[in-house]
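As a starting point, one isolated chain is supplied in structure tokens, in the form predicted alone.
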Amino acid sequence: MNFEFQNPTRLIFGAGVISQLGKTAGTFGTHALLVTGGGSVKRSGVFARAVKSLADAGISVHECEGVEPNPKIKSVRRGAQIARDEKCDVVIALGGGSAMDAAKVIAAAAMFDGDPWEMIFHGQKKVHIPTQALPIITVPTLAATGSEMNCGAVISNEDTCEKSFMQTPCLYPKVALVDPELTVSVPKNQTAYGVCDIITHVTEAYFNGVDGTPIQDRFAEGVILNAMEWGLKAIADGADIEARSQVQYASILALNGWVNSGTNGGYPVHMIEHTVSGFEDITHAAGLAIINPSWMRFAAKHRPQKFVQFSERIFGLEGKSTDDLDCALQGIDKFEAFLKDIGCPTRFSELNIDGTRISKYASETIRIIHDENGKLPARPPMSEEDIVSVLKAAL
């Protein structure tokens, strides 16, 4: 392993910490842009609590509301203009992954003279990678994406049906204010999607990373096991604060860089899903629940050893050997059954998606991101034909 790790985001975690929002934001500015989604934060009363905390600290609030579930570049453009017009000096994301991702890109776009879409890596030859952004504070209301404590964001362009990412150090939030109480109103299906998202973040690096990372493997397996255990409890009783807290913490650890340090893994399932949801506008984690087990079956045939380990350590199976493919596939079946049991779709047909555009999904995924051999970075690297086979198996 050869790697560097740094996460500069200050984490404030615990029930009731939203009351500290005003004091926390006041260290960065006095004019806040509050980025929100479709309105659930207002219906739940979270928005009013946040605004009160900010007002009590003497901070004026300007809102960029209505960020879409798959955040669109048009919302980024709108938010950046509000930030410039109102001379905002701090950007606060209040919501799920979509609000947080949009807020990050807005914070950078507010200090960029060009079109924000130029900052998103979508296969273009020249990408503007920002080096500065307004200070960002994240206040997640859903345990899922882990966006509250990393420097990445995913944005869609509905005009071109593209969905891709940007990742750069200036997008690290200054503070992640994580209050599990804010997630108690999340419905069962969204809670289940969050659990799926958390686990998929971990399995990407776990299965696609380099060999010789036993400590990171154990970290990853611990996050997966706890996400499954406490996720079931949070789905059964949304008011269970302990369950909500454990799932929220799993969400943070799954994607703040700690679990996958040194693994250097690719994210093929995410890259494929981004393309699919760019065309179909489906819930991100619903796409992951469908694609991940299908991809796992494909990858296990090329490298069964890691999947046998997964089957043994996560589901208690016992392989006849370290490369027992039957054991590996049994573990994948159990994982898919878990996703189905908590309410996630496991076939595209459940979302009324047929195979008409599968070849388009594959070619667009490769166009946006590929290695020197023209394949999707993964283990094993994937050709267009490989992607098509995985998607067809998930119909």
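The model shown is predicted, which means the values in this text are computed figures rather than measured ones. Start at 1 with the first residue shown and count on from there.
A second form of this protein, the form predicted together with a small molecule, is not displayed here; the remarks below concern that form.
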Though only this chain appears here, would V67 touch the small molecule in the model of the complex if you measure heavy atom gaps against 4.5 Å? yes
Quick check on V175: any heavy atom within 4.5 Å of the small molecule in the model of the complex? no
With the partner left out of view, is P187 within 4.5 angstroms of the small molecule in the model of the complex by any non-hydrogen atom? yes
Though only this chain appears here, would N292 touch the small molecule in the model of the complex if you measure heavy atom gaps against 4.5 Å? no
In the model of the complex, which of the listed residues (G287, P71, G278, G231) lies with a heavy atom within 4.5 Å of the small molecule? P71
Pick from V269, A220, L255, A108: which residue has any heavy atom within 4.5 angstroms of the small molecule in the model of the complex? L255
Non-hydrogen atoms within 4.5 angstroms of the small molecule in the model of the complex: do R43, A144 and G152 all have one? yes
Among 125-133, 179-187, 82-90, 311-319, which stretch sits within 4.5 Å of the small molecule in the model of the complex, heavy atoms only? 179-187
